[in-house]
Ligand code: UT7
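Take a look at this single chain, the form predicted on its own, given in structure tokens.
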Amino acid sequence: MRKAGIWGVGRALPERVLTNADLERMVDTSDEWITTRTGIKERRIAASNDTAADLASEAAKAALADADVTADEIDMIIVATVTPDMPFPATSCLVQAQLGAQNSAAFDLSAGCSGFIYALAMAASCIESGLSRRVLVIGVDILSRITDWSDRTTCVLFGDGAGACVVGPVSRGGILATYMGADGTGGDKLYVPTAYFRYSPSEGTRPAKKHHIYMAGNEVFKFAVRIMGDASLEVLRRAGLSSEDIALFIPHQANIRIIDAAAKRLGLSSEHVFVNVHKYGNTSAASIGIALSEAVDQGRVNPGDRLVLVGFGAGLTWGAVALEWTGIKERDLA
């Protein structure tokens, strides 16, 4: 069976920065309260004319350039998102058009903040089975459009962005194991009651508050603390690895206390954990892709390094990937 690995990574973030100081002027909160409980200092907010496809395409172009792959060499595009531009066509098809990737199939995947992990696992399966040769994986969300900016318990958490990677065959290393799970009985802990569409909601077009995120914060927090550790340990077991083998742990960037709890469960020091939640907040399906791209750019990922990526999200869902980072020499171009 062929092995699948990540050939290149990229990210896209809106220009507008919304700081905790800005939020202090919007709702009854404080920088100290937000920082202590979440670790978040600022987040990015999409412009009114930005679409999920726009951000996804920007991240995809960066990943294609990093992988030295052209758009017409991609034969599958998977977009993980909970904020698609429209119910249909799929946001992945809009991305395909923007990229000019005329040789690719395309579909969207909805698994909340676990979406990037689910999509990466699907891409690996496509490569390993021979169904695809080059798969473009993108996680993108514009959560600012489904955030209730009058709710101080949720509006401090979320931001917008996109993260992408190109997955292709490798001669060694690559994706060593994947693990995914779901518990639909927890669906009422984190949800949006009504459908999301491309443009920001206007008064009178949809029921008030029905297009906003609802989250049972304490219950989601307790679930996340448990499942991040459980999923990480399970994917390590499947890969035949232990915590000592991890060069870098890249968790979903939702809350610094959740990240710290998972790292402690694995016995990892801070130098082995990547954190950027302070800059971007929770970007949902984009979170892990953005973090991986930044980690690579910062030189924290090198060929031969073993990584664990892990996330949790609405559904409730969870997933983890264990991989060995490969260099250009390990790409299988046959």
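Just count from 1 along the sequence shown to find any residue number. Being a predicted model, the structure only gives us computed values, none of them experimental.
One more form of this protein, predicted together with oxa(dethia)-CoA (UT7), exists but is not displayed; see below.
- Proximity to oxa(dethia)-CoA (UT7) in the model of the complex, taken as heavy atoms within 4.5 Å, picks out 32 to 40 from the listed stretches 268 to 276, 297 to 305, 32 to 40, 55 to 63.
- Using a 4.5 Å cut-off to oxa(dethia)-CoA (UT7) in the model of the complex, each of Phe158, Leu190 and Ile258 places a heavy atom inside that distance.
- Contact between Ile227 and oxa(dethia)-CoA (UT7) in the model of the complex is not found at the 4.5 Å heavy atom cutoff.
- Proximity of Cys126 to oxa(dethia)-CoA (UT7) in the model of the complex: non-hydrogen atoms within 4.5 Å are absent; the residue sits far from the partner.
- In the model of the complex, oxa(dethia)-CoA (UT7) stays beyond 4.5 Å of every heavy atom belonging to Gln102.
- When contacts are judged by a 4.5 Å heavy atom cut-off, Thr153 counts as touching oxa(dethia)-CoA (UT7) in the model of the complex.
- The listed set Cys113, Ile77, Ala119, Ile142 contains one residue whose heavy atoms approach oxa(dethia)-CoA (UT7) in the model of the complex to within 4.5 Å, identified as Cys113.
- The single contact residue among Ile146, Leu109, Met215, Leu241, judged by any heavy atom lying within 4.5 Å of oxa(dethia)-CoA (UT7) in the model of the complex, is Met215.
- Within 4.5 angstroms of oxa(dethia)-CoA (UT7) in the model of the complex, the stretch 227 to 255 places a non-hydrogen atom from each of His252, Ala254, Asn255, taken in sequence order.
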